[in-house]
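Given next, in structure tokens, is a single chain: the form predicted alone.
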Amino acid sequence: MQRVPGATKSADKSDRSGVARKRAGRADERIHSEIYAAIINHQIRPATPLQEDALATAFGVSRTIIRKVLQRLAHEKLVDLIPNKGAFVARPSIEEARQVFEARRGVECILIAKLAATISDAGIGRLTDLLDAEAEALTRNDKKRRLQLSGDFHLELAALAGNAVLRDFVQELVSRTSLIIALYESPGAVPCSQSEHRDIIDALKRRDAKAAVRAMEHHLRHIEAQIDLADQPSRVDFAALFKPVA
């Protein structure tokens, strides 16, 4: 068989470029995962600037890769890209926060009703394992871990329901809820109650769709009640606020 001149060299270049693309893709995923987790776990606060240069140095990659990751996070509503200013962790408004909770009630109540009729014993086991992990985090007073597990519980419910489109929507809403909690959580609040997660599981064990929907509705409204979404005044009367001690 006659070898075409230059064919091997072209093939080698193609192979190298393919490997480079795979490596870049893995870097994208890793960096996205780490920044995503830092945002939803409140390690990076809302409105924090996300400088491309600083992130590129921290991860040891090009600004091009960082820019691609930030664009993906913006698509997921976790980052705001402001022309001529750069990227910032999203800062949801009070009205947006209310809309997020309204959307969660609508979507998650639909999913839980469907799940009550289809969940397997193995699915109940996966939810129970998450509940046990929440209890352990509560014992250790590990708020960061509890916050992560709380979100994982809702994502697992969505995954078990078997609707991939709604599952992705729930993931976006749960992430945005984390930003809202970081901004508006009332002092001393416990945004996601472990006992309410147990009530949801108990209703699913009985395959009681109505009870499961009621438990989810109550749970999501309780989370919202722990968030201070009162309209913020544009001006503060400091003289009234900081009265001299008599």
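Position 1 is the first residue in the sequence shown; the rest follow in order. Keep in mind that this is a model prediction, so the values were computed, not measured.
Not pictured, yet referred to below: the form predicted together with another copy of the chain.
- Across the proposed site, Lys77, Gly106 and Leu166 without exception bring a heavy atom within 4.5 Å of another copy of the chain in the model of the complex.
- For another copy of the chain in the model of the complex, the listed stretch (65-73, 201-209, 46-54, 214-222) containing residues with heavy atoms inside 4.5 Å is 65-73.
- Residue-level contacts in the model of the complex: of Leu173, Leu160, Leu147, Leu131, one residue has a heavy atom within 4.5 Å of another copy of the chain, and it is Leu173.
- Residue-level contacts in the model of the complex: of Ala137, Val89, Leu127, Val100, one residue has a heavy atom within 4.5 Å of another copy of the chain, and it is Val100.
- Another copy of the chain in the model of the complex comes within 4.5 Å of a heavy atom belonging to Ile110.
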